[in-house]
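One chain comes next, on its own, written as structure tokens: the form predicted alone.
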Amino acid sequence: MKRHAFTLGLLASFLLSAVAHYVRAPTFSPTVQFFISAVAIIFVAGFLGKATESVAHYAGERLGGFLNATFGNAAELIIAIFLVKDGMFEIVKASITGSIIGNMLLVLGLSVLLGGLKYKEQTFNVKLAGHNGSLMLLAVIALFIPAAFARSFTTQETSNLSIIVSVILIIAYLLWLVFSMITHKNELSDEVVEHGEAAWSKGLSIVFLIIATAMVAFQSEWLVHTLEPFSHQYGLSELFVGAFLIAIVGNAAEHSAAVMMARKNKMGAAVEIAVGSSLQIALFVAPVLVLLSLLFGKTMDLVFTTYEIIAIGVAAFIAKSISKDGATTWFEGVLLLVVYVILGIAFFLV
């Protein structure tokens, strides 16, 4: 019954969003269009999360968490590509900021809190936690340096630095995958926890994953077209729209998947989804967007605002502090969520 209700909501919201985008009837005001698109992408992201989890069942715990993080980021990546194409670089960088802090604070915080309410203490690989902490600091450093030197550089020099840093970060991230998935796979893996039954067969899971990704692509484009009129109507800053509205909507898949893993006492997979997703955004997605912007004729730089760098630095600091011992309790989840709410209020008032 629950699955039928979700399927009905998915199809209804997706079709209604398509009508709102293509028909453009007077009844669909900017607010209504944005609301319909936001609801639809949450359903689509949920479908993507279910398909990814089902594929992950056949791929194993460690690779499963990586797949959840990767396909969970599909919504943000596709939204960002359309924004880059339209030259809306400030919203793109704000959405990157929002995705990083959203995963490290909101997704991880909800997972730790809701998992901790069921289990007194949850553990995961302490070595993986240490490496994640180091990679978080690398992400902060990589985003800080272009901003720190931008004032002394010309626009062209800033663009060149951004391109070079982007290539270096992509190489570093790919080497991390080799390190964590191949050469040191056993050292960084968690104790195997018995899986339940997958939602679908292996073949059907892959088919649904492809369909869900395609639906995310369409829905992301429709959502992007509602952003500008919606934000102008309510006087919202690009920073708040990108860092919180887009990020929260786009992170829907990670929310459901990570919390579901934590409630099953698979905190290692939940951390892989939340923290791994933040690292993927900072070390791979953001650099890829810089390189993709070259195809559209204008280079997006990696110069983030002071507010954005502070937010990412604060999120990395507390996430590293809480996860460094390889164990979590529900109160640590509360701490992460408190920091997220404080940042949200500050961004709204900017």
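Counting begins at 1, following the sequence as shown. Model, not experiment: these values are computed from the prediction.
The form predicted in complex with another copy of the chain is left out here; the points below concern that form.
Only one listed stretch (171-179, 213-221, 198-206, 258-266) carries heavy atoms within 4.5 Å of another copy of the chain in the model of the complex, and that stretch is 171-179.
Shown without its partner, this chain lists 236, 114, 248, 161 as candidates; in the model of the complex, only 161 has a non-hydrogen atom within 4.5 angstroms of another copy of the chain. Taking the partner from the other structure, another copy of the chain in the model of the complex has a heavy atom within 4.5 Å of a heavy atom of residue 318. Not displayed here, another copy of the chain is kept clear of residue 82 by more than 4.5 Å at the level of heavy atoms in the model of the complex. Interface residue remark: residue 324 is counted as part of the site for another copy of the chain in the model of the complex, having a heavy atom within 4.5 Å. Using a 4.5 angstroms limit between non-hydrogen atoms, residue 341 touches another copy of the chain in the model of the complex. The putative spot formed by 32, 70 and 189 is not touched by another copy of the chain in the model of the complex; no residue has a non-hydrogen atom within 4.5 angstroms of it. In sequence order, 151, 152, 153, 157, 161, 164, 165, 168 are the residues of 151-168 having a heavy atom within 4.5 Å of another copy of the chain in the model of the complex; the partner itself is omitted from this view.
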